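Single chain ahead, by itself, as structure tokens, in the form predicted alone.
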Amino acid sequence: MQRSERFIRLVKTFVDQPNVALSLSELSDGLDTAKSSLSEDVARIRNVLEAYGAGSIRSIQGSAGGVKYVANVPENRRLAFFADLTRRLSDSSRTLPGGFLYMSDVLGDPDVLDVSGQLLATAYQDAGANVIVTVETKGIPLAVATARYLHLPLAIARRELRVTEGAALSIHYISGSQRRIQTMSLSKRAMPARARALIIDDFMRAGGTAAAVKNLLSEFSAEVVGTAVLLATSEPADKLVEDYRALFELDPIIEGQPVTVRTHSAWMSSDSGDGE
């Protein structure tokens, strides 16, 4: 096998399996090359990825040895993503009654989901999560994208208890935006032992839903390592969850006035993709 072909196959393997531990011995056997040559190839790929800002290849310590690809969004693509989404979300025709913003088309855009998932995965790469948790809403695609880049299972808190979920725990909570009592259930089988959960959702106003998810997870004795959303409102400034990340921030919607959506301040610096 020529070295150029080996490079292509290696890169394809890494990109297709982000955050997956890959054995150097198995890679060596699959590519029919010596581990010493493979290590040199991996080092070169790592250098190129890091120079481009597209992630890195991390070494895994242990007797068997291994590597994994940790994804990142290059700065030029990140800036273009934020500029484009800010423009799209600031369209006043998106306003809905109650001060909400129409986002279904954005949350159905595979390119938006892919970049958003990479950004959130990079931010929480070192948080130690072993499960992604979301609510049965439009945030599911965003949670799936994030779960892919962290290579973690996804658990979905349901609005209604379903027999197909098996044994589950449920709580009642007051919605922060709609101010009404709602129910949330999570299957016991969906949660790993000693769960460390990353909560992902599409929208946050007061944080009532995120706070309810945290309360539900406490019933599993799970630790919440972070909460992230695509869009959060600037008001109320004090949310029901103390620590969260949002990609975008929405100012109060006033009828007849332009919509103001901005990149959240946490993502303005060039090193905003670093882990927690």
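This one's a predicted model, so the numbers in the text were calculated from it and none came from an experiment. Numbers for residues come from their place in the sequence shown, where the first is 1.
In what follows, reference is made to the form predicted together with a further copy of the same chain, a form of this protein that is not presented.
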Decide whether Arg196 counts as a contact residue for a further copy of the same chain in the predicted complex under a heavy atom distance cut-off of 4.5 Å. no
Would you check, heavy atoms only and a 4.5 Å threshold, whether Ile156 touches a further copy of the same chain in the predicted complex? yes
Taking a further copy of the same chain as it sits in the predicted complex, is Arg148 near enough to touch it, meaning that at least one heavy atom pair lies within 4.5 angstroms? yes
a further copy of the same chain contact at Thr137 in the predicted complex, heavy atom, 4.5 Å: yes
Candidate spot Lys68, Asn215 and Phe220, all three in 4.5 Å heavy atom range of a further copy of the same chain in the predicted complex? no
Interface check vs a further copy of the same chain in the predicted complex: of Ile174, Ile171, Leu79, Val144, the one with a heavy atom inside 4.5 Å is Val144
Could you spot which one of Leu85, Met184, Ala123, Leu152 gets a heavy atom to within 4.5 Å of a further copy of the same chain in the predicted complex? Leu152
In the predicted complex, segment of 207-215, 244-252, 220-228, 43-51 with a heavy atom within 4.5 Å of a further copy of the same chain: 43-51
Within 110-131, the residues having any heavy atom within 4.5 Å of a further copy of the same chain in the predicted complex are Pro110, Asp111, Leu113, Asp114
